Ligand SMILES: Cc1cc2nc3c(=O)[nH]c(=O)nc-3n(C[C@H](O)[C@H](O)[C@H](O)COP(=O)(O)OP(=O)(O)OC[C@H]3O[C@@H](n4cnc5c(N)ncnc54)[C@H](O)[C@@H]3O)c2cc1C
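What follows is a single chain, given as structure tokens, in the form predicted on its own.
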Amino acid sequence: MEEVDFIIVGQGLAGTLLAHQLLKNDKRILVFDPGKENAATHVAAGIINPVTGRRYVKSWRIDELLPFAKKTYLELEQLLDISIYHPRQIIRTLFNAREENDWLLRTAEPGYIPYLSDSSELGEYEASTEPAYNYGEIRHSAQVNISKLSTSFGEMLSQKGMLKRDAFDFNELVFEDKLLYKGYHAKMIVFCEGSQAVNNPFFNYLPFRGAKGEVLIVKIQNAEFEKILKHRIFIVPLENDTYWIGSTYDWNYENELPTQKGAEYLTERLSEVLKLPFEIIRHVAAIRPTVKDRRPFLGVHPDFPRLGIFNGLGTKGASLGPYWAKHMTEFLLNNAPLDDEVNILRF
């Protein structure tokens, strides 16, 4: 019987970041993940956006989250010898005088001054997109290639014998002095399953609100866009003249498959703003692990304290994940108190 400290179920963004923190603390881990290609981690753009929404509101606790996210992703770049963290300003389209006025008012507020500019430099977008009423620009934003991160981290885990490409089978879980699962004894199991948590018999009581999102990966030859453009949809630079275009939000969906309706919507929105021809390379969809109150799920089961959960990173996972993975690790290893805003005992 092989002994490990933690079994982690799921190797998306949450599982990857938690595994990283536990390994930094010299813990023995084993990760189970079936390797779904359409998992949200492999579909998401990985945008870190300090100011969001129609009212241009600072993201929750962004002043704490941003520096820790940058530090963590640069650390992982060095560990895995990959490039995943790309600082990119976000250009926000302002469609009318009211939006322009609201933006200008925000730029004068003390807490927003570091993040918002009252002017913008469109760069290559100026000649390649249809002109809008005006634009604003968000600073200290970034794009994280979380698909590459998950893939590269998974390869490292495999090389160390720490990754099993299997779906977790709850019928195989045995509660003894330690948790027994398929020949492994673990002190604790932490579930980082993303949207699949709705099928977890221990944690499916939590108020998950999965939202389906569809995106296009397109090729735009010689566009050379460096910044991210938000013009109803996002245009996010990737690599080799490819761009992430998204996304849709669907709260009532039948399955995880891409739809013709989603493809048409994204194609029409991109055609409205982009003057250049583009080629659709891929059309993909995934279910986001969103939460009723838009706060992550951290904690242990009220009746089974050796079962934990780290989930619910939702649409802002790239910025939320690193900070709360560290927070969860401190809780697991040092019994540090969980923040009330993320503790699952709030439900």
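Note that the structure is a prediction, hence the values are computed from the model and not measured. Note that residue numbering follows the sequence shown and begins at 1.
What comes next is about the form predicted in complex with the ligand, which does not appear here.
*Decide if the three candidate residues D5, Q21 and H327 all line the ligand in the predicted bound form, where lining means a heavy atom within 4.5 Å.*
Looking in the predicted bound form, the three residues D5, Q21 and H327 all stay beyond 4.5 Å of the ligand (heavy atoms).
*Just give me the single entry in L298, A44, V51, L30 that has a non-hydrogen atom within 4.5 angstroms of the ligand in the predicted bound form.*
When the ligand is considered in the predicted bound form, the option within 4.5 Å is A44.
*Consider the chain as shown here, without its partner, and state which of L276, A167, A97, L74 has a heavy atom within 4.5 Å of the ligand in the predicted bound form.*
None of the other options qualify; the answer is A167.
*asked:* Check K316 for me: does it contact the ligand in the predicted bound form (non-hydrogen atoms, 4.5 angstroms)?
replied: K316 belongs to the contact set for the ligand.
*Look up in the predicted bound form whether R61 has a non-hydrogen atom within 4.5 angstroms of the ligand, and give yes or no.*
Contact check for R61: no, nothing within 4.5 Å of the ligand in the predicted bound form.
_Is H283 near the ligand? Define near as a heavy atom within 4.5 Å, in the predicted bound form._
Outside the cut-off, so no.
*For G210, is any heavy atom within 4.5 Å of the ligand in the predicted bound form, or not?*
G210 lies outside the contact set for the ligand.
_Within 4.5 Å, heavy atoms only, one stretch in 218 to 226, 112 to 120, 193 to 201, 127 to 135 touches the ligand in the predicted bound form. Which?_
Looking at the other structure, the answer is 193 to 201.
*Which of the residues spanning 227 to 249 lie within 4.5 Å of the ligand in the predicted bound form, based on heavy atoms?*
Residues within 4.5 Å: W244, S247.
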